[in-house]
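Okay, so here's just one chain, in structure tokens, the form predicted on its own.
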């Protein structure tokens, strides 16, 4: 056994640990799925079960009663997530890279500005007025993208990575060879920094996909509802109708039987959607970036 190898016992133990961790991550998703396809009366009688006595697709029938709304919300969320992530990573890197360079004259001023916004904010009212009255983004899909384009936390992560991973001598060599700043950034810095680009990209993807607050603040046009906000609205309506069905004339009995719990679980599964594919997509860039330069060819 060489110095880099681990013993058979340790290898087995590590496999067991990761198998247990994987099961603990997957079981809640399986349980949510089983609840979503369980008859509501069965849940009331027996509680949550992995193997329900009676199956029902009533929750999905209620959600997809008007499937065009779900499709539109999916389209809005996918567009906002893809475009927002690309723009956010690009803008954050363009801010972080100059302030990571020791030869940038105004790095102190720009570093202070980004750090200052982490500690102090203007408040909700000025923030809302800027986007609605100055930038006129109300009821625009850009109202879901622009407010989250630049995160000070992400900028500081990228700045630190550039300082630690990109040798100044490499940038000097690039200049000597005649490359300009843009060419140096895209041909030298970017390939060496794939892990941090993938990390910030993953952060932004999750942030944009899970955002519902901006839709609630800026959007009144139902065609521009994001998936997360649409889920929030549908769950709120289902809960309200379930609790107050007796007060509504004409359909009191049907509304009182609305399967609120199974609808909530079905919505959770629908909300996971394509976001579960985000990490495998970014993972290959983690591995490629971390192993970059480890082999001389």
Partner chain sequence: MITQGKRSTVHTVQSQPVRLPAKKGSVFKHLLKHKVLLLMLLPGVVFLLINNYLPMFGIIIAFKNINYVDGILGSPWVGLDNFRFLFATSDAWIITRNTVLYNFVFIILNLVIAVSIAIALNELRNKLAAKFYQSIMFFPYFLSMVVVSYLVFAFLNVEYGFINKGVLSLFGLNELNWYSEPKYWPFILPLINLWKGVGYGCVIYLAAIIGIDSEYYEAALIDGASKWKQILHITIPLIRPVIIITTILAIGGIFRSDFGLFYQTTLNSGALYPTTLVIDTYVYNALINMGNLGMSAAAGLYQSLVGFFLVLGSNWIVRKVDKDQAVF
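We call the rigid core the largest set of C-alpha positions that still match within 1.5 Å between the two forms. Numbering follows the first chain given and starts at 1. What you are looking at is a predicted structure, and each value in this text was computed from that prediction instead of being measured.
In what follows, reference is made to the form predicted in complex with the partner chain, a form of this protein that is not presented.
Novice: May I ask you to choose, among 170, 164, 124, 82, the residue with a heavy atom within 4.5 Å of the partner chain in the model of the complex?
Specialist: Only one listed residue qualifies here, and that residue is 124.
Novice: Please tell me whether the candidate spot formed by 53, 69 and 195 is one where all three residues come within 4.5 Å of the partner chain in the model of the complex (heavy atoms).
Specialist: Not one of the three qualifies.
Novice: Consider residue 210 of the chain shown here, and say whether it contacts the partner chain in the model of the complex, taking contact as heavy atoms within 4.5 Å.
Specialist: Residue 210 belongs to the contact set for the partner chain.
Novice: Is there a non-hydrogen atom of residue 103 within 4.5 angstroms of a non-hydrogen atom of the partner chain in the model of the complex?
Specialist: Looking in the model of the complex, residue contacts with the partner chain include residue 103, since a heavy atom lies within 4.5 Å.
Novice: Considering only heavy atoms, tell me if residue 181 and the partner chain come within 4.5 Å of each other in the model of the complex.
Specialist: Answer yes; at least one heavy atom of residue 181 falls within 4.5 Å of the partner chain in the model of the complex.
Novice: Look up in the model of the complex whether residue 39 has a non-hydrogen atom within 4.5 angstroms of the partner chain, and give yes or no.
Specialist: It does not: once the partner chain is placed as it appears in the model of the complex, residue 39 has no heavy atom within 4.5 Å of it.
Novice: Though the partner is not shown here, which residues of 47-83 have a heavy atom within 4.5 Å of the partner chain in the model of the complex?
Specialist: Contacts from 47-83: 47, 48, 49, 50.
Novice: Taking the rigid core as reference, does the Cα of residue 35 move 2 Å or more between the shown form and the other one?
Specialist: Passes the 2 Å threshold, so yes.
Novice: Quick check on residue 265: with the core superposed, does its CA move 2 angstroms or more between the shown form and the other one?
Specialist: Indeed, residue 265 is displaced by 2 Å or more.
Novice: Would you say whether residue 55 is displaced between the shown form and the other one, judging by a C-alpha shift of 2 Å or more on the superposed rigid core?
Specialist: Shift at residue 55: below 2 Å after core fit.
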